[in-house]
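Before any questions on how it binds or moves, here is one chain, the form predicted on its own, in structure tokens.
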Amino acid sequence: MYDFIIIGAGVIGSSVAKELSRYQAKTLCLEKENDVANVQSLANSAIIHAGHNPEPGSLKATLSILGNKMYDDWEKELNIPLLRTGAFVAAHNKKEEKIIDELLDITKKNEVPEYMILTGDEARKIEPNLAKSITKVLSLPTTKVTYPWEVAFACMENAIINGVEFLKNKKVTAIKKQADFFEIEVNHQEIYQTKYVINAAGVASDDIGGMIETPPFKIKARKGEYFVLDRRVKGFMNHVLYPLPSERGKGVLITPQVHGNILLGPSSEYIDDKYEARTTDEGLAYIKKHSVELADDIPFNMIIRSFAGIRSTSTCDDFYIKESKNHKGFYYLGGIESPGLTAAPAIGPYLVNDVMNVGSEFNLNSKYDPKREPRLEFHRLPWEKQKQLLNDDHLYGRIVCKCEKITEKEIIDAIHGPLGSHSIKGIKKRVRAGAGLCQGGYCEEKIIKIIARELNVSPLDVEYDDLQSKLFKEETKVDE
């Protein structure tokens, strides 16, 4: 019997797991995918927003303002990457300038710090590539950028170290309420029992709720497509650039990334299939058309990848973080769309302490450690430290991914770490092997062999991503 079962290991589920690990409670997190942060948390703009857009007084506003500040602590404690970019919200004419004034009013009411208004010419002195058509910007210096899956990894690794159990490839297929506990069926065969259920299933949160009651909201999935520019464009734009928000969301953005790349996007399209994350000619053309409204001379020739992500828009206008009205002990984390990543550090404590009042039933974990050791990045270390590590293990001297300068030892550590991964994409997410200019063209074959060797399996059994994504059907050349 568990005290808590969290359904979903995206950024939100992982942050809740971290918060619950502060207590002497038996906690399990179930994830239907083959990795943490593999759906909504995988593919988005990675922005920690300043708070200029949410309705004042809403949970979105309150938790995102607090979450933005808490990322400074998470950067130190969890060693997550942060890029302090600041942001410009752009207007092109008098009509749009009036909307900037409306956003300024929201910014003031939300008590966003350090904001200012700049003319187009003043903004271009800071960002020379800003479109010449822009006449006025709202500047938001506290805007930051991170990597969503690295945030989720950090939270879940910390939770695991502090006693939380994590199981992947565990799809919840049924939930039953018994007298004073819940039975959770997984993959139509396993049964887990728990006192409390936390539904952090993202785009599937209404489906999970529907297993036990009529859910208090419905989720409509929106697909957003993106381009990735090679990191050689670093410096082309140093601020996050927003257009004015519309009914389609925050619009097509230009977003510098932690590792030097720049994202263009997203598009915004409602879709019926919650997991249909393919790019389209129409979506990518939309991005090109609207990104040039923000910047001149965008280096589209530096595009190295395109991708699509899913966002969970709910029928509620705000985050839905509440206990079920019908089943005591069943909690919803629904409609956590933008600024969900921004609010993530605050959502865990809000749910656990303010909504659930866990401290009234469970004692604090005296062995709780809020820190997570940083991932070793060999190529960034001083030469003397590199020599020391090379003396300890020669595999630090074997470069597997030349684009990102990732060593074989770093890949091995990613395979066997607290939140280890056995898939090619999982290794890419953890150490960036395959994330560079060639997108794995030269190193992927080597990574497959390393995974196979470390797990003592055939290369035929190595997955790209999920359990159905094996790259090879059979050997075509064998020794006689």
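In this text the structure is predicted, and so the values were computed from the model without any measurement. Note that residue numbering begins at 1 and tracks the sequence as displayed.
Below, we refer to the form predicted in complex with a small molecule, which is not included among the displayed structures.
The contact with the small molecule in the predicted bound form, taken as any heavy atom within 4.5 Å, belongs to P339 out of P243, G283, P256, P339. For the residues V112, V164, I208, L103, the 4.5 Å heavy atom test against the small molecule in the predicted bound form is passed only by I208. Of the candidate stretches 53-61, 32-40, 444-452, 410-418, only 32-40 contains residues with a heavy atom within 4.5 Å of the small molecule in the predicted bound form. The candidate site formed by A87, V151 and G348 is entirely out of contact with the small molecule in the predicted bound form, as no residue has a non-hydrogen atom within 4.5 angstroms of it. When the small molecule is considered in the predicted bound form, I47 lines it closely, a heavy atom lying within 4.5 Å. The small molecule in the predicted bound form comes within 4.5 Å of no heavy atom belonging to L140.
In the predicted bound form, R311 approaches the small molecule with a heavy atom inside 4.5 Å. Within 4.5 Å of some heavy atom of the small molecule in the predicted bound form lies at least one heavy atom of Y226.
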